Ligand code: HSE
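Next up is one chain by itself, shown in structure tokens, the form predicted alone.
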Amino acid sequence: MKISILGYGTIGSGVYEIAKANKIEIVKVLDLRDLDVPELTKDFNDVLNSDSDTVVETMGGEHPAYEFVKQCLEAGKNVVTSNKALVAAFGEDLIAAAKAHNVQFLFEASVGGGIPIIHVITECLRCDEITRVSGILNGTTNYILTQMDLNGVSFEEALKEAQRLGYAEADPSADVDGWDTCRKTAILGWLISGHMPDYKMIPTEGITKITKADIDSAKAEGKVIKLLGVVEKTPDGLRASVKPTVIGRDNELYAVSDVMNAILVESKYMGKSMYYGPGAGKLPTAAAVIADVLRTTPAAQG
């Protein structure tokens, strides 16, 4: 097996590390920086024209990730990505391109980081009818809300600590405004309905307006506030939302704290099942990427 990697940031470097440990040959690593990586190139055409069987995209963002991935698929290369922005915006198009060229486009790590939720929905529960999926899909916001609840700090104080620990970016807006969760919710909606909802049309509210008084009010009732992404099938079609939600101990997501993620799946035959684990991080996410890489092998395809 031969792979190339687009982007050598946190996730890309993790993919590189785990690929080496699993004796997967790395042909090219695309990055514009000067890095001490033997396979480094700054020219995408070196990846496109290489003998890589699979290309791993960990650049993030919609562009030029979309253009690079589309060209790789059209060149007959499998593509594995961790990029939820790419999948939410162009997933249907890229799946179609992969089918047209008899290759695979896989994206397990785009939702839930190291939690294998996409494989669960598309493979393990394929004979079931999933009616609702709800989840804590962003570790940064869950950490902030946990700190506000346990330590009585303000949103601003909790955010500053999250940034100090590396859980939040210098510009945390994608997380705290709910857009990271929104894109992941759209992808989950696609998986259970067969149609990708426009993530920009999903009602989305972040956690920036949550106050200590809100936290205290929920706590007085024995409840907590969590940022939930929810998608469900209704008689009128698919309904999705992202918003801070007050939940009690009767909700399976109640005890999910700090940077952990959890996804609750409700289906006709299984009933409720929950999938819990690290929703981000270098090695957990990279491990999910490599699992997808291994799924592209002929042996894995049966």
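Rigid core: the largest C-alpha set superposing within 1.5 Å between the two forms. Start at 1 and count along the sequence shown; that's the residue number. Just so you know, these numbers come straight off a predicted model, no measurement behind them.
Note that the form predicted in complex with ligand HSE isn't included here; everything after this is about it.
- In summary, among the residues I117, V80, L137, I144, the only one with a non-hydrogen atom within 4.5 Å of ligand HSE in the predicted bound form is L137.
- Proximity to ligand HSE in the predicted bound form, defined as a heavy atom within 4.5 Å, holds among E169, E123, E74, D93 only for E169.
- Annotation: in the predicted bound form, residues D149, K223 and V256 none come within 4.5 Å of ligand HSE through any heavy atom.
- At a distance threshold of 4.5 angstroms between non-hydrogen atoms, D175 is in contact with ligand HSE in the predicted bound form.
- In the predicted bound form, at least one heavy atom of A280 sits within 4.5 Å of ligand HSE.
- When contacts are judged by a 4.5 Å heavy atom cut-off, R183 does not count as touching ligand HSE in the predicted bound form.
- Exactly one of the stretches 196 to 204, 161 to 169, 209 to 217, 223 to 231 approaches ligand HSE in the predicted bound form with heavy atoms within 4.5 Å, and it is 161 to 169.
- For the stretch 83 to 97, the set of residues having any non-hydrogen atom within 4.5 angstroms of ligand HSE in the predicted bound form comprises only K84.
- With the core held fixed between this form and the one not shown, P197 has its Cα displaced by under 2 Å.
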